[in-house]
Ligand code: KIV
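Just the one chain here, the form predicted alone, laid out as structure tokens.
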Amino acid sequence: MGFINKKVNKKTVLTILEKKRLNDKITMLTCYDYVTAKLVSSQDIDVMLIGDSLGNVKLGYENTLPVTVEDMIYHTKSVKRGNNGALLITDMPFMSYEISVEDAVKNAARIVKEGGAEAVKVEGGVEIVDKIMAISNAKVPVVGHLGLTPQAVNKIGGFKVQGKTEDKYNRLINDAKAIEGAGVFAVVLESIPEQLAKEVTHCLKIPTIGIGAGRYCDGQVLVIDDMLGMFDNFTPKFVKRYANLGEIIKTAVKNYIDDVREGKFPQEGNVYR
């Protein structure tokens, strides 16, 4: 009996590159679990990013630094099982690629082999070019990440807009060109001035994906818990809320508690005879 591929309109690295050529906007959302992956991928999303932002929105950490390779593999496996067509990209967490080329390739390979990711994402510019080249040469597609890089939160002094001075503006453009030359097939631009993102998008042949980078990137990404109103510890300026599920869930839980305490649940239709 032949293998039946249930994937509909499967997105690949080539799909994303072609969208840049056709000036067709790329859609990306973070995703961390099976049920959400089923729901999101049912709507023909281009990319689901298993982001190390799970440290904040799923594991309750103050930032992304405590997240491990094992955490990323675990959540990637869960998303993989629910995915139906989206390209799966997984973040390489803090200190999984910075120390050495050997570490970078080994951990990228684990995320692909054990987790089922189809590409990995790394933060940084010129300083990690050798790691990007090595991972890409090992046949693992790589996405870059410039601007506000959350893994460098202690170095940059918090979650602040980047690229506002002339020196940092020019440095980000040079970093973008450097990582493109090293082999990334796309780059996430986070929390930078719109004009800078526009210039980077214009000068690169690869797609740019913006998050707080304005209107001129080739695509957009948001943390799904932010755009659904699930995570309210902090809401960045660039987030647009498409639902307020947090309040809906609180109301549903309160109604359940009241029904149980008042003997309204279970009812006749909820019991076995």
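Counting begins at 1, following the sequence as shown. None of these values were measured; they are calculated from a predicted model.
The discussion below concerns the form predicted together with 3-methyl-2-oxobutanoic acid, not included here.
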- Query: For the chain shown here without its partner, which stretch in 227-235, 242-250, 200-208, 46-54 has non-hydrogen atoms within 4.5 angstroms of 3-methyl-2-oxobutanoic acid in the predicted complex?
  - Reply: 46-54
- Here the chain is shown alone; which of V79, V188, I89, I192 has a heavy atom within 4.5 Å of 3-methyl-2-oxobutanoic acid in the predicted complex? V188
- Query: Is there any non-hydrogen atom of A37 lying within 4.5 Å of 3-methyl-2-oxobutanoic acid in the predicted complex?
  - Reply: no
- Check whether V69 has any heavy atom within 4.5 Å of a heavy atom of 3-methyl-2-oxobutanoic acid in the predicted complex, and answer yes or no. no
- Taking 4.5 angstroms as the cut-off for heavy atoms, does K131 touch 3-methyl-2-oxobutanoic acid in the predicted complex? no
- Query: Would K121 sit within 4.5 Å of 3-methyl-2-oxobutanoic acid in the predicted complex, counting heavy atoms only?
  - Reply: yes
- Interface residues of 55-80 toward 3-methyl-2-oxobutanoic acid, as seen in the predicted complex [heavy atoms, 4.5 Å]: none
